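This document opens with one chain alone, in structure tokens, the form predicted on its own.
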């Protein structure tokens, strides 16, 4: 099996998840390349050196630009905060590297436009990591919707609820600063719901929504590790939304509701959606990610009702590469599946979905929700880059 060199930017929460995926993928899937974890990049030398050692990287760099100069690296994996995505992706594509970029694609629609234009001009793969597409139960839902099992789709409703910043003493981490994160719950977690809706139902054409910030000041961050941190006594302004709720209309004629918040006590990672069609319904909840609830109207009258499918059979999407039926998968496997499809795309010379175009489409909806909240009116996403093909 031919090697392919990987360079990763970022070593905290997402960096750990991505590192694991690169390490595991060729051990469980028949992929065209064996990933070599050549180098991980981060600004804090002591921290990135420790990350390289613990996460299995051959070397480390304190400047991500060095990754682009190395001939032994063909893939750049961007797992750093949102404000860095544009610069790194543009440079990596110009250097003819393949790119896997964390979601959301950018912090603004203008940045996403530049990135999409660069991806179209490049001869390399440019993929966005919306990893929840690759939960086996979501992939099965896609098969059912595309196969017409639910009939004409009429309704989408999603809720992505977390509680990790409920404590007002949780410090002002980068995800709570607009210049670093772009937005709050909207871009951090509602972006996943938007991408899943696009993936399963097609493009959103109009939105009307709200953005709310309930805790407006937090202790200035002293240190942090992943999603836990310690703060000081100085207070700083929270410049992103704590929660968003919006309505949507789809090009197909379906209607949708979206809710996302990081202030829902007891909800750790409640990423859920329900789809209703003329002939049936389905429900997914990431906190029970191996299950898909389904209802089919053509079941015999005495046997109708929601039933739960345990999506671990060998013929279910991705599941056959892992364990015997009933032996469940976890969050980390969605990243392995993403990397598997990414490597297949490199071999085929074609970017797997979600592409940078998909990332731009999601960014356009994020932008429309923000404009809608300001204008208090139905607002259309700006898809001009997609519609023009420029």
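All values reported here derive from a predicted model rather than from experimental measurement. Residue numbers count along the first chain shown, from 1.
Beyond the structure shown, there is the form predicted in complex with a small molecule, which is absent from this document and is the topic of what follows.
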* To do: Consider the chain as shown here, without its partner, and state which of 255, 152, 239, 269 has a heavy atom within 4.5 Å of the small molecule in the predicted complex.
  => 269
* Ok, 98, 85, 103, 133: which has a heavy atom sitting within 4.5 Å of the small molecule in the predicted complex? -> 103
* Does residue 160 reach the small molecule in the predicted complex if we count a contact as any heavy atom within 4.5 Å? -> yes
* To do: Look up in the predicted complex whether residue 164 has a non-hydrogen atom within 4.5 angstroms of the small molecule, and give yes or no.
  => yes
* To do: Spell out, yes or no, whether the shortest heavy atom distance between residue 13 and the small molecule in the predicted complex is within 4.5 Å.
  => yes
* **Any non-hydrogen atom of residue 218 within 4.5 angstroms of the small molecule in the predicted complex** => no
* Taking the partner as it appears in the predicted complex, which of 185 to 193, 309 to 317, 275 to 283, 139 to 147 has residues with heavy atoms within 4.5 Å of the small molecule? -> 185 to 193
